[in-house]
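Only one chain comes next, encoded as C-alpha cells, the form predicted on its own.
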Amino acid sequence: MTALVWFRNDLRSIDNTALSRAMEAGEARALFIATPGQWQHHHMAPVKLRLINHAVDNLGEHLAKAGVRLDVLVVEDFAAVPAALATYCREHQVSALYANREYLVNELARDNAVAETLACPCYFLDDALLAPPGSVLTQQGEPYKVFTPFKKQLKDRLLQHLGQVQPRLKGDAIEPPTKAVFSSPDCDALLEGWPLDEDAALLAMRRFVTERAADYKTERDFPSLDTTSRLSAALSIGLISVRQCLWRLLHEHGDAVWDDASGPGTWLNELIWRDFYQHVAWHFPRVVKGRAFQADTDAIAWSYNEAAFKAWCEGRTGYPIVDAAMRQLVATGWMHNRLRMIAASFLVKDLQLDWRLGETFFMRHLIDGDFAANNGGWQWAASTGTDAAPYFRIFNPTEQGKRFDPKGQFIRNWVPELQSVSDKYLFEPAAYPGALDYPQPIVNHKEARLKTLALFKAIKEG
C-alpha cells in the first residue's frame, strides 16, 4: 500500500509537512494536479502559470533523489479533482492521502469533496503559515480585524513556540520523471532572475537575509533600489516555507527580528501581513466572493469609465510614477510594493473606479499573485477592508513620486518619453514649457480628491 502526498501551493521537498508525514507512513508517491480551467477562471497570470510548470518539473527531480515518484494529472477544474483522485488512488492502491491545507473558499470546498469521495483516509495538515487560521484570536475568542494587535499576538505565540524546519528527506534515488506537461505559455524571458526551484529560492532567501535585510526598513520603499527580497513568487507557490524565512532571520539577526524598528523585524512584519490576510479570508469568506470587508462600502457608487481604466492599465494617466508602475507590471509581471499602493490609490481615489477592477488586473499580470494578499492590499488602498487607510487619506501621486523616486531614476527607466525632462518638470510634466510625447493628466488630483471624499461621506454619513 502507498501513502500519497498531494502537492498544491507547496512545491518543495524540504520542510514540507505533508511530504514528511507521507514518508513516515511508508512507501510514498506524489501527485500534482493541474487545473487550467480553474486557474483561468481566477485570472492566474501567464507568467505565474509558467513558473508553476517549471517548479513542478524541478520538484519531480528533487523528489526522485529521495525515492519518491511525482505524477502529474491535468483536469479542467476543482470540480473534476475528486473523481480523478479517486481513480488514481484505486490504480495505485493508495492507503492514505496527505496534503497541506489551503484556506480559501474554493480550495476548502474541493478538499471536503475529496475527503467525501476517497475510500482511504485523508489528512490535511497546517503548513503554509506561521500560525493556522483560528489559532490567533482576541481574548474574547474573536478574529482580529486590525493588523497591529494580530501581529503582537502572533509574535507572542512564536516566542513561546517556533515550529521546527524539517530537513531534506532522504531515500533511495529513482529515475526522475519526464517533464510535466500542462498548458503554460512560453514567457520564460519574464522568469529571468526569479528562483524556479527550491534550491534557488533558498539561496535567494539566504542572500537577502544576510546582505539586505538589515537595511530593509530604510530602503524598501524606493523602487529604483534593488532592496526587496523578491521572494514573493517563491512564497506564493511554496518553493520555500515561511518557517525557513523566519529561522534564517533568527540565525542571522537574533532578537532584532522581534523589533519593529529593525530591518529584519520589518521584513518579518511583511511575512505576518501574509498570514493576516489568509486569516481574514478564512474568517470572513465574503472577501473571497468579491465583497468588501466593510460591508457599507459596497454601496459606493464607483465609476466605470472605460477610457480612464484603459489609460491606467496602459500607463498613460499623465502621472509619471503611476505610469511607470503600471508599465513595470505589464512588462515584467511584477510591481514594487510601494508602487502597488500608489497605483491602487490612484485607480480608486483619483479615478473613482471600482477596486475590484484593479484587483483582477493585478492577478492577471503578477508572477506573485496571491489572492488573499492581493485582495487585502486592494481593500486597504480602497478604504474598504481591514486596517484600511481612512477614506480621507488619499495619496497625492505627484508627491508620492517626489518622495519615493526623488532622482527620477525609476520614472525615467519606465517612461522613456520623460528621460530628457529636467527634475523640475519630471513629476509634473504638464507644466513643461515645450512639447512632450506624453499624455496630459487624465484627472485633476485636487478635484478628484474632493469627489472621492464626497463618495465616502455619502455612505458613511447617509
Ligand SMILES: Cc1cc2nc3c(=O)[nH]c(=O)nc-3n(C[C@H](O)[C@H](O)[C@H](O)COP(=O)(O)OP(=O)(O)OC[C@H]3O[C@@H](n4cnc5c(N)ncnc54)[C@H](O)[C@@H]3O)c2cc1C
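Residue numbers here begin at 1 and follow the sequence given. This structure is a prediction, so every number in the text was calculated from the model and none was measured.
What follows is about the form predicted together with the ligand, which we do not show.
- Just one listed stretch, out of 227-235, 115-123, 320-328, 93-101, contacts the ligand in the predicted bound form at the 4.5 Å heavy atom level, and that stretch is 227-235.
- Although the partner is absent here, E270 is a contact residue: one of its heavy atoms lies within 4.5 angstroms of the ligand in the predicted bound form.
- Though the partner is left out of this view, D368 does reach within 4.5 Å of the ligand in the predicted bound form, counting heavy atoms only.
- When the ligand is considered in the predicted bound form, W378 lines it closely, a heavy atom lying within 4.5 Å.
- Proximity of M335 to the ligand in the predicted bound form falls within the 4.5 Å heavy atom cutoff.
- With the partner omitted here, the residue from F150, Y391, F293, F362 that has a non-hydrogen atom within 4.5 angstroms of the ligand in the predicted bound form is F362.
- This chain appears without its partner; in the predicted bound form, the one residue of A344, A131, L249, C89 with a heavy atom within 4.5 Å of the ligand is A344.
- Annotation for 32-50: no interface residues with the ligand in the predicted bound form [heavy atom within 4.5 Å].
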